[in-house]
Each structure stands twice: as structure tokens, then as C-alpha cells.
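Okay, so here's just one chain, in C-alpha cells, the form predicted alone.
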Amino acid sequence: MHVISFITQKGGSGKTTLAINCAIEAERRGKRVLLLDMDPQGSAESWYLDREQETPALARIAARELEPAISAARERGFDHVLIDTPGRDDAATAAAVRASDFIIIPCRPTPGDMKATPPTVATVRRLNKQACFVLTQTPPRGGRIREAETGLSMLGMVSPVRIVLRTAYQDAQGAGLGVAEYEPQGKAAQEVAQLWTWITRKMEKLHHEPQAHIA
């Protein structure tokens, strides 16, 4: 079983959206997924309550409940546990990092988001975990993206798959869906599929290369 946390210290970076859509993409590939909502805002839980389907499974928990939740997920045969964390550096964030096999750090290509990454990186390094950045809400192309990728690459691994700013993400989330369900042939669904393929391959590679932590 893989435990993956989505962590950032900057609100509005698309952390919950990314966690939800990765969970749905994993399920589309035949995996059993548990989504844990540790964010006090409860955005993932709100999405789940609007959802007709009962999967992926979701539970809203506090930091003290994380280890028992992961143990229960393992006993119940889940393939992946995806954790949506608070948008700040607190006990819940540290607990999620500590429990994870891999960390996803969403980051918009903006000065504010870039400046907010050091605390997240510091927590990941302190706990000696493997992580990568994923650029979110990006324009389709442009120099700002390249500058952000260059800056983030100095801190750690950057996913080659970018999540472009598209209305499909918010429209799908408002309907209790993922983009793969809302617009299966759309560009957003393609991005998520490519990102999840990259994440799963990277986790397998890092499993055999434990020294490859965030730099």
C-alpha cells in the first residue's frame, strides 16, 4: 500500500483538487483508494458529500487519528491512501509527511507560492521523505512556467507534467466529480492521467533508489 500526501503552505494552490483527481484516476485503473481529509476546511469532504458514487472512500480525520486510519486501510486491502493536509505547517502536516511514502507539493508559478515552499521543503527534509513539486494552475505555456520550474528544481524534483488552469477542474469538483468523469476526453483528464502515470512510475523507481530524496 502506498501513502501519498498533498502538502503546501499556500492556500489556493489546488492541493485538494489534485488529491481528488489523483484518487479518481487511481480508481479508474482498478486500485482501491482511501482519501483522508485532514484539512479543517473540509473541502474534500464537501466534494464527497456532493458525490453520487461511494468511491473513492473518504474519511475526515484529525492528526491523532492518522496512524489508526492508515493501519485500518492496510487491513482492509486498500492500494493507496491519499492525504489532503491543512494549508499550513502544523502537527497534522508533520504527521502526514511522517506517515507518507511520497509527498506531492503543489505550487502555482507565482512569486507568492514560490516563497511559501521553503517551510514545506524543510519539513520534508527533516523527516527524510521523498517528494516532488507539481506546478498547478499554470498558463498553457510561457516563460513564467520555465522560471518556476528552474527555481523549484533547485529545491527538489519537479514533475514534468503541469496542471494547467482550466475551468473543468472547478466545474467537476462542484459537481462531486473528477475531471476524468466530468470530461473524459478533455485536456484536464489527460493531464491528470499523465501525472498519475508519472507519480506511480516515480514511486516504483524511488522504492528501488531510497537515496533519491528531495534535494
Ligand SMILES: Nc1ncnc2c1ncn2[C@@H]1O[C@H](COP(=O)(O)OP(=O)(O)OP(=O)(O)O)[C@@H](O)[C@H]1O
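Keep in mind that what you see is a predicted model, and the values were worked out from it rather than measured. One rule holds for the numbers: they count along the sequence shown, beginning at 1.
The protein also exists as the form predicted in complex with this ligand; that form is not presented, and the subsequent description refers to it.
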task = Sort through 24 to 32, 64 to 72, 51 to 59, 165 to 173 and report the only stretch with a non-hydrogen atom within 4.5 Å of this ligand in the predicted complex.
result = 165 to 173
task = Would you confirm whether the three residues 5, 117 and 156 all fall within 4.5 Å of this ligand in the predicted complex, going by non-hydrogen atoms?
result = no
task = Examine residue 87 and determine whether its closest non-hydrogen atom to this ligand in the predicted complex is within 4.5 angstroms.
result = yes
inquiry  = So, residue 100 and this ligand: in the predicted complex, are they within 4.5 Å at any heavy atom pair?
reply    = no
message = Against this ligand in the predicted complex, would residue 150 count as a contact residue? Criterion: heavy atoms within 4.5 Å.
response = no
inquiry  = Is residue 137 part of the interface with this ligand in the predicted complex - any heavy atom within 4.5 Å?
reply    = yes
note = Within 7 to 43, the residues having any heavy atom within 4.5 Å of this ligand in the predicted complex are 10, 11, 12, 13, 14, 15, 16, 17, 39, 41
